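The chain below stands alone and is given in structure tokens; this is the form predicted alone.
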């Protein structure tokens, strides 16, 4: 038995697949291949599938991770990728397979982009959004471990932020806390930011680019 880490993209229409349905989708995909997936032992065996972090519904992911175990150590990595891509649903693409280096518990942040579409001046919007973040107070509602709703100022925990004009509007680039200990939903952040700019009706598309470790390097 050997452990491997798959990196996959969840984009386009697949971004509306919930995490629970994604797990079911992956399980069905493996069953349509000859990949020797390792199953847990006991009264209710199930395939060993461990995701890095779940994605908020509607958010795309380009470096998502899925850890699996192979019963056959000689089964080629390249064949794992080709078999999964052969049976994968539209919007899910398997790009890479490696040996796990870090544990998912080591993830402390995630890098995102948000593309905002506007018919107006993208440069003006980018400057306005940048000024709001620079002012230091973009607060969202967040539940704590006691299920109490409290206000969280995202600016106090955000690692990076930039805004620039694009052909269709503006693009935001930011790094937010992510992981089991502390996680900030990028959808809540972008929604609040746009409402503060009186631009709540503008369509946007968020993508998670990668997971980060405490030192700022990529989760491997």
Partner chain sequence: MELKEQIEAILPLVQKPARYTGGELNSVVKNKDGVDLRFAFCFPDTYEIGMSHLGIKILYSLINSRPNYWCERVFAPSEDMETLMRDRGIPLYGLESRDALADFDVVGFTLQYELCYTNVLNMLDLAHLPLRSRDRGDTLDVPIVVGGGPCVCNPEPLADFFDCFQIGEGEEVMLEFLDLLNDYKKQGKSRSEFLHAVSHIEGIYVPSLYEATYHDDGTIAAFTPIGDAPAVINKRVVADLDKVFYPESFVVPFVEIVHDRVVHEIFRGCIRGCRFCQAGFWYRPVREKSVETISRQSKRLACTTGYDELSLCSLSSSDYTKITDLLEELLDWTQPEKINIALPSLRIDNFSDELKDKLALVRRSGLTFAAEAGTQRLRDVINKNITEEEILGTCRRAFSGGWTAVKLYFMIGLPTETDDDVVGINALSQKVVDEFYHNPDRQKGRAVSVAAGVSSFVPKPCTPFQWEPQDSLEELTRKQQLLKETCTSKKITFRFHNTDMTYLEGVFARGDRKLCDVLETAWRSGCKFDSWDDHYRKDLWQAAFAACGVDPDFYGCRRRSYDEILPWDHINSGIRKEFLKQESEKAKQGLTTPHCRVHCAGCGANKLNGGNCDALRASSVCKD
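Residue numbers count along the first chain shown, from 1. Keep in mind it's a predicted model, so treat the numbers as computed, not measured.
Here the subject shifts to the form predicted in complex with the partner chain, a form of this protein not shown in this document.
Novice: Would you point out which of 173-181, 25-33, 62-70, 159-167 contains residues with a non-hydrogen atom within 4.5 Å of the partner chain in the model of the complex?
Specialist: In short, 25-33.
Novice: Check each of 89, 131, 101, 124 and return the one that places a heavy atom within 4.5 angstroms of the partner chain in the model of the complex.
Specialist: Selected option: 89.
Novice: Is there any non-hydrogen atom of residue 39 lying within 4.5 Å of the partner chain in the model of the complex?
Specialist: Contact check for residue 39: yes, within 4.5 Å of the partner chain in the model of the complex.
Novice: Report whether the minimum heavy atom distance between residue 50 and the partner chain in the model of the complex is within 4.5 Å.
Specialist: No - in the model of the complex, heavy atoms of residue 50 and the partner chain never come within 4.5 Å of each other.
Novice: Heavy atoms within 4.5 Å of the partner chain in the model of the complex: does residue 210 have any?
Specialist: Heavy-atom contact with the partner chain at 4.5 Å: absent for residue 210.
Novice: With the cut-off set at 4.5 Å between non-hydrogen atoms, does residue 9 touch the partner chain in the model of the complex?
Specialist: It does not: once the partner chain is placed as it appears in the model of the complex, residue 9 has no heavy atom within 4.5 Å of it.
Novice: Pull the contact list for 14-28: residues with a heavy atom within 4.5 Å of the partner chain in the model of the complex, in sequence order.
Specialist: Going through 14-28 in order - heavy atoms within 4.5 Å of the partner chain in the model of the complex - the hits are 15, 16, 17, 21, 24, 25, 28.
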